[in-house]
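Presented as structure tokens, the chain that follows is alone, the form predicted on its own.
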Amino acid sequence: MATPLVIDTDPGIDDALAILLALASPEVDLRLVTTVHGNVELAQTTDNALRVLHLAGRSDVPVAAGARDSLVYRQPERAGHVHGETGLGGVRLAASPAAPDPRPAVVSLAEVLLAAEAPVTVAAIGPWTNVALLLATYPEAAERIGRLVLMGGSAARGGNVTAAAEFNVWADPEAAQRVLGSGVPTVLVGLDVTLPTVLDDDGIARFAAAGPVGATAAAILQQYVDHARTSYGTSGVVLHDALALTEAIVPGTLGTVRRDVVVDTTLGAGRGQTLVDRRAVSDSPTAVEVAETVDSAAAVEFLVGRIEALARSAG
């Protein structure tokens, strides 16, 4: 039976690719998409999620809007310089016929968790504000999370938005600390494994040629390709969110080690840093599985093959 899945996201170019990957994967059953502040403002991330689902012919998947800002300190900066003003690289997707769920994201998420016949995988690939709110307000629902797969943080590579901090954690460090200390079974997919995992032009060309959905996905990626070339010196797209979704879809894709992790919530230069204790494997009940190794070529091939198949099936 397919594993029930919820994606909490802030689309975002790489978020859009991750959503398409989930829809292309029979191992999971996407029950809900919740949106959060992050790459662009909440209203835009919500609209983008609806449009990406509609692109794939899955407007039946509900979308619920969540936190429009961080828990404690307002985070005014967004990532439009990376993802474009509207978050999808300047590509204007067709509007969805579906409207967002009128309930807050945490209410919709709690209902999905409590109603599911099996433990639910939650993949949080934007800032983790919604997840922190769920833990605080619906602890009985949080107990139904089978695996929490988080995209964010870094054990050894430093940050990508500051010298210390990765974007999703930096966008709401207090939420990140709450989530990482919750004791929910968690896999942390950070820059250590995402930065080496690069989708190159040949891979993009493969799914672009497979059909209109693939061609649209390739067009959305173009701005991200340009940004990756400038920021990381790579000739392709760094698969941050899609790699986290790959681990959510196929557990064990990434090599993980159980570590203690805390987040710097001070207001200094280290704010948002994930401090990973790599001295020893942890047996603490609040330790998390930190992704430390990846077969990058296999992960890229998995993504390309799935998006290619989705594009062909969509016609």
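These numbers come from a predicted model, not from an experiment. The first residue of the shown sequence is 1; numbering continues from there.
Only in words, not in the display: the form predicted together with ligand BDR, which the text now covers.
The partner is not drawn, yet in the predicted bound form one stretch among 8 to 16, 300 to 308, 21 to 29, 287 to 295 has residues with heavy atoms inside 4.5 Å of ligand BDR: 8 to 16. Checked against ligand BDR in the predicted bound form, the residues Val122, Leu134, Ala175, Met151 give one hit for a heavy atom within 4.5 Å, which is Met151. Distance criterion of 4.5 Å from any heavy atom to ligand BDR in the predicted bound form singles out Asn39 from the list Thr274, Asn48, Asn39, Thr35. The closest non-hydrogen atom of Thr86 lies beyond 4.5 Å of ligand BDR in the predicted bound form. Taking the partner from the other structure, ligand BDR in the predicted bound form has a heavy atom within 4.5 Å of a heavy atom of Asn168. Though the partner is left out of this view, Asn160 does reach within 4.5 Å of ligand BDR in the predicted bound form, counting heavy atoms only. Residues in 103 to 121 all lack a heavy atom within 4.5 Å of ligand BDR in the predicted bound form.
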